[in-house]
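Starting off, we have a lone chain in the form predicted alone, written out as structure tokens.
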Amino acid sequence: MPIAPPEPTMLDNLHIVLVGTQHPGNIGSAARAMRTMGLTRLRLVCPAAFPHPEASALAAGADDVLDAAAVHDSLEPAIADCHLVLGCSARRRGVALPTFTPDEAAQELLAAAAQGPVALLFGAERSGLSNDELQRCHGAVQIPADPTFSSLNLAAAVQVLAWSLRRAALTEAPAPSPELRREPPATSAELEGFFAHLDRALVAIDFHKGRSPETVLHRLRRLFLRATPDQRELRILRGILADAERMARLASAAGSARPGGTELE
């Protein structure tokens, strides 16, 4: 007997994103874990094999989740519309991120989901999320497993987080944001566009002067992700960057036009 589709809930803006999943059975098991907790939005990034009979078999009836799953060839489009992205990581890496327990993450995600799409990322079975993938997250989620045997199966990790989300949704309303936003929060795609613009502007004004551009950009990325700017604030920041680039071009042209400088073409 087919399972009836779920009623719309506050969890509808929450997307589970599986990155680089190697075993199709894990996709099916994750879909089953999601569906039992009322989560239906699944996004897959570079799965090794999907769709696949093993995924369908281990979904155990959660076919609606698999059928509606979106498949992407990179992480960026999978989270482009999300304004809060948390990554589930079993261990600390070389990326400084705010770290949440599953219950804390559930509160953060549910509160943010009231304003638009949010995402919870899970990495590949063997390696987890890479540093580059974590760079695109606002924070990390760590399950407090036994430190002497902390390796969780992918579907088990999805189940733990899905249960935390459902329990939070059923027991209490998400904590309201300290400041009610009048503007929509910036999405991941908008923030990535800003970071690319910031990189160009810093080069244009010769900011680095021998310092590592990667280190500077990583720190600035963390700063702006913590600040969670809205769309209007991001437009203002990009306007400032555009003016900085314009002034750098004018200064360069004036220097080239001075006697002894290179003639302008």
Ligand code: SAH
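Note that residue numbering follows the sequence shown and begins at 1. This one's a predicted model, so the numbers in the text were calculated from it and none came from an experiment.
Note that the form predicted in complex with S-adenosyl-L-homocysteine (SAH) isn't included here; everything after this is about it.
*Asks:* I'd like to know if residue 142 sits close to S-adenosyl-L-homocysteine (SAH) in the predicted bound form, meaning any non-hydrogen atom pair within 4.5 angstroms.
*Replies:* Looking in the predicted bound form, residue contacts with S-adenosyl-L-homocysteine (SAH) include residue 142, since a heavy atom lies within 4.5 Å.
*Asks:* Taking 4.5 angstroms as the cut-off for heavy atoms, does residue 124 touch S-adenosyl-L-homocysteine (SAH) in the predicted bound form?
*Replies:* Yes - in the predicted bound form, heavy atoms of residue 124 and S-adenosyl-L-homocysteine (SAH) come within 4.5 Å of each other.
*Asks:* Should residue 154 be counted as a contact of S-adenosyl-L-homocysteine (SAH) in the predicted bound form, where contact means heavy atoms within 4.5 Å?
*Replies:* So residue 154 counts as contacting S-adenosyl-L-homocysteine (SAH).
*Asks:* Even though the partner isn't displayed, in the predicted bound form is residue 101 close enough to S-adenosyl-L-homocysteine (SAH), meaning a heavy atom within 4.5 Å?
*Replies:* Close contact is absent here: in the predicted bound form, residue 101 is far from S-adenosyl-L-homocysteine (SAH), nothing within 4.5 Å, heavy atoms only.
*Asks:* Among the candidate residues 112, 79, 162, 88, which is the single one with a non-hydrogen atom no more than 4.5 Å from S-adenosyl-L-homocysteine (SAH) in the predicted bound form?
*Replies:* Comparing distances to S-adenosyl-L-homocysteine (SAH) in the predicted bound form, the residue within 4.5 Å is 88.
*Asks:* S-adenosyl-L-homocysteine (SAH) isn't shown here, but in the predicted bound form which of 105, 186, 137, 129 has a heavy atom within 4.5 Å of it?
*Replies:* Exactly one listed residue reaches within 4.5 Å, namely 129.
*Asks:* Using a 4.5 Å heavy atom cut-off, which stretch among 163 to 171, 143 to 151, 189 to 197, 71 to 79 contacts S-adenosyl-L-homocysteine (SAH) in the predicted bound form?
*Replies:* Going by heavy atoms within 4.5 Å, the stretch is 143 to 151.
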